[in-house]
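Before any questions on binding or motion, here is one chain by itself as structure tokens, the form predicted on its own.
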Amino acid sequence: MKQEQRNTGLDREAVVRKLREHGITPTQQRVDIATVLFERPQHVCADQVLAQVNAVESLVSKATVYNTLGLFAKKGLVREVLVDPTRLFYDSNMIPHHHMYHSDSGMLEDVAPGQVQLGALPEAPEGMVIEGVDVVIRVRRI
């Protein structure tokens, strides 16, 4: 383990509890990845998580990061935010909200639900319910 310490929002015990509460076995690598994710509300891509984990903790492979982020999304720990076909962010803020994506800088920021006005939604197909609506507003400099 590298010497540098990370200022985290959750201590390791809290991270382990959070993983277990979501039915995830808390392996060392999963705890390391979750510690990075839950350090603060943030939007990160898998490569950013990989770099942050490997800068502080023991080395984790790219495949492990991708697999773990997918598991965390499936279990409801993070939201996947697809901003274009080549950019997938993982959002540690699970409170309902929308996003604004700055295509020039690659930055993704939160937009409060009240700042976006949606009209009526179509009815869900028979036997289904609407799970949510995710809005990504894409902006660029003129």
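The first residue of the sequence shown is number 1, and the count goes up from there. As the structure is a prediction and not an experimental result, all values here were calculated from the model. Rigid core (definition): largest C-alpha set, two forms, superposition within 1.5 Å.
Missing here is the form predicted together with a further copy of the same chain; even so, the following discussion is about that form.
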Contact with a further copy of the same chain in the predicted complex for residue 102, defined as at least one heavy atom pair within 4.5 Å: yes or no? yes
Is residue 115 close enough to a further copy of the same chain in the predicted complex to count, meaning some heavy atom within 4.5 Å? yes
Hey, in the predicted complex, does residue 84 get a heavy atom within 4.5 angstroms of a further copy of the same chain? yes
Touches a further copy of the same chain in the predicted complex: residue 14 (any heavy atom, 4.5 Å): no
119, 131 and 139 - do all three of these have some heavy atom no more than 4.5 Å from a further copy of the same chain in the predicted complex? yes
Considering 55, 63, 111, 95, which brings a non-hydrogen atom within 4.5 Å of a further copy of the same chain in the predicted complex? 111
To test your reading of this chain, name the stretch in 24 to 32, 103 to 111, 63 to 71, 39 to 47 whose heavy atoms come within 4.5 Å of a further copy of the same chain in the predicted complex. 103 to 111
For residue 118, does the CA position differ by 2 Å or more between this form and the one not shown when the superposition is done on the rigid core? yes
Rigid core fitted, then: does residue 14 show a CA shift of 2 angstroms or greater between this form and the one not shown? no
